Structures are given as structure tokens and as C-alpha cells.
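Given as C-alpha cells, the chain that follows is alone and in the form predicted alone.
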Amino acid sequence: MDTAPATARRGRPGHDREGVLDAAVALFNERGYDATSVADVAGRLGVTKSALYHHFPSKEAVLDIALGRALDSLEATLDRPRGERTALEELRDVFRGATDALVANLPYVTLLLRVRGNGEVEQRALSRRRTFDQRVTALVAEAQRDGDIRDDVDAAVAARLIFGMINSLVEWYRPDGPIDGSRLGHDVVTLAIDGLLPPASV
């Protein structure tokens, strides 16, 4: 009598839900979401389309979960209890945390940064990104009011420029390359915050 758990028999051997998700995200990044079909993902894994549908009901569901994973990791950097931290201290933590999240979830954040609002799933993701940007901008503005960073740069512009630097990592950072991903958060914070300090503090 076969006593193996039901979950172990799902789909084809060697391809669990996480493996399917990773393969789909890799193909979305290589070919573009719209140009990638369920058959393409099945072909990459060497399984039938029905095996994939056992894990995900549709290609849109895969995209939704993948984008959610990227956004959850970014939003977590802002959702920590504030405690006694100043706005500037929280900004340091957010910039470092966002960089670490990108390094840890590189394929997923790469996919997030490439969506353009084509369809309901992408539109929801972009709405969450806008809310995240607004929260970071509010932190920059608060740090400016506290006198901890220079106020001659628009808060929204400062937030966009710094996250432009962080997001650029998807174009050149490679986990197997010569750059130490664990240090990138420190490097980003050092460059970003030093550039925002009032002139007398530099």
C-alpha cells in the first residue's frame, strides 16, 4: 500500500510549485510576460501543461504571485515598527532593506520592474509600487523637516533617484559575479545618505 503523502505525488516528479514558479519567472524575464505561454513554461520544465495547471490555475495567477512576492519583500522594509528611530534612521533601514530584498529576490524584483500596466494584475502591482514610493517620499520629507537631510532637493525627486540607483542592480548585479551582494545595502546607504546630508554635515 502506498503511504506517501498526497502532496508528494502532485504534478511530475521533481517539479514542485516553487520550481514551476521559478521557471515561469525566468521565462517571463527572458522573453517577456506577454510573449511567454504556458506551453513555453511546460517545455522548459519538460512536463505537460496539465501538470502546471495542477499548481496554478492560469498564467495570470503565476504573474500575480510572482509580483506579490517582490512587492511583499519591499513593503516589509517599511512595515517594521518605527520605535525610537528618526525618519533618517528609518530611511537608512529602508534603503538597505530594499537593496537586500532585491538581491534576495532578484528574478522577482526584475519582473516587477518590467511591468507596464498591461492587464489587471500588472495594474494592481503598479498601484502598490506607487503607494510604496509615496511612503518613502513622506519619510524623506519628514527627515527634511527634522533638519537631518538637505531640503534643497525635492523629496519625491530624491526618493526616485535613490530607488533608481537601487533598481539599476537588476541590470548588472549577478549572484555568481564578483560583487558581494551582502555589502550592496551598505554601499547604497553610504552613497545615498551622504549625498542627502546637509552641506555642513558632509
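Note that the structure is predicted; figures quoted are calculated from it, not measured. When you see a residue number, it is the position in the sequence shown, counting from 1.
If you look for the form predicted together with a further copy of the same chain, you will not find it shown, but the lines that follow are about it.
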Counting only non-hydrogen atoms and a 4.5 angstroms cut-off, does residue 71 reach a further copy of the same chain in the predicted complex? no
Contact of residue 88 with a further copy of the same chain in the predicted complex (heavy atom, 4.5 Å): yes
Check residue 54 for me: does it contact a further copy of the same chain in the predicted complex (non-hydrogen atoms, 4.5 angstroms)? no
Quick check on residue 183: any heavy atom within 4.5 Å of a further copy of the same chain in the predicted complex? yes
As a check of understanding, the residue in 162, 136, 41, 67 with any heavy atom within 4.5 Å of a further copy of the same chain in the predicted complex should be identified as 162
Heavy atoms within 4.5 Å of a further copy of the same chain in the predicted complex: which of the stretches 59-67, 31-39, 144-152, 46-54 has them? 144-152
Taking a further copy of the same chain in the predicted complex, would 168, 187 and 195 all count as contacting it (heavy atom within 4.5 Å)? yes
